[in-house]
Every structure is written in structure tokens, then in C-alpha cells.
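The data below hold one chain only, encoded as C-alpha cells and taken in the form predicted on its own.
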Amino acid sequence: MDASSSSSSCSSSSKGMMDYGNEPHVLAVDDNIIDRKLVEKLLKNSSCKVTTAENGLRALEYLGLGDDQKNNLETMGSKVNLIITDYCMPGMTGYDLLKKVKESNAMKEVPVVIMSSENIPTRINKCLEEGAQMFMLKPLKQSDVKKLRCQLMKRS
């Protein structure tokens, strides 16, 4: 692992980093285990704490936004600093997950990044209009994750 080389020039701006020090907690959501493992490895190489979920419903449960967890939002809201999700997943798309997160008072400030292997401008625009922080094309590369981490650290 070459995580030591992951600190780039963007790490100097720690003012808007909520309270997660140098290791932001990222929830990575993807139904494809290979893509999920790749994203997890890239994020860990960039000194992120990573939790994975194999679909949108599991992600909502983890975030405390499942149908049976409506009253538990305040304790869960501080768990995650970023959500990165695949767009195409069975049951609940990444777009649907994005909408649920943005509708939640406790989670709406958490940035959501959508990933897809398909470069479809209307889909990208729809996600960005709904509040996605960024739309990234798969397969992700380490440079994509560094860019993402820089953006996360610059948030105020």
C-alpha cells in the first residue's frame, strides 16, 4: 500500500472538515462486488475510513434512513462524511438513494457522489440538479479519488 503518498496539496485546508480529522468516513454503495472493492481500496489508499453497502436499501439502513428507523436520525447523521454510490443498482438506483439522502434533515448536508460506467449527459444533469456533489465515470482511478478527497476537505 502506498497510502503515504496520498497527502496532496489540498490537505492544508482543514477549516471545513466537520470533525473527522484526516480520515473522512465514506459510505461506498455498489451492487458489483469488484467495483465496490476497487472503490474501497482507492479510498483507503487516500486515507479514508470506508464502509461498504451492496445496495441502496442497505445504505439507507446504515444511515438510519430505513423505513423502520425514522426516529433514529440524530445518532446516525454524524457517521458518514461522504456517500459514493453507483447509479445502476437493482431495487434502488443511486439517483433514488441521492433523493432520499437529500430529503432527510439529518443527512442532507452530506455530499453524495454518483458513479456510472455510462456517460449519459441527461442522467448526469439529473443527478447534479438533485444535489449530487459530483458525477464520476467508472472505473474510478486513484486520481479521481484524490480529486474527491480534495473537494471533501474544501467543504465549509
Partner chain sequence: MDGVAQLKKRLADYTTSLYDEGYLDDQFVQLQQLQDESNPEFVVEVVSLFFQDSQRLLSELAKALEQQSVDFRKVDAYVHQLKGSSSSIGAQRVQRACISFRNYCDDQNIEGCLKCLQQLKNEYSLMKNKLETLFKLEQQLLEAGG
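All values derive from a computational prediction rather than experimental measurement. Residue numbers count along the first chain shown, from 1.
Omitted here: the form predicted in complex with its partner chain. The next part is about that form.
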Work out which of the listed stretches, 55 to 63, 33 to 41, 97 to 105, 126 to 134, brings a heavy atom within 4.5 angstroms of its partner chain in the predicted bound form. 33 to 41
Is there a heavy atom of residue 118 no more than 4.5 Å from a heavy atom of its partner chain in the predicted bound form? yes
With the partner left out here, check for me: in the predicted bound form, does some heavy atom of residue 110 sit within 4.5 Å of its partner chain? no
Does residue 51 reach its partner chain in the predicted bound form if we count a contact as any heavy atom within 4.5 Å? no
So in the predicted bound form, does residue 93 come within 4.5 Å of its partner chain, heavy atom to heavy atom? no
Out of 115 to 146, which residues reach within 4.5 Å of its partner chain in the predicted bound form, heavy atoms considered? 117, 118, 139, 140, 141, 142
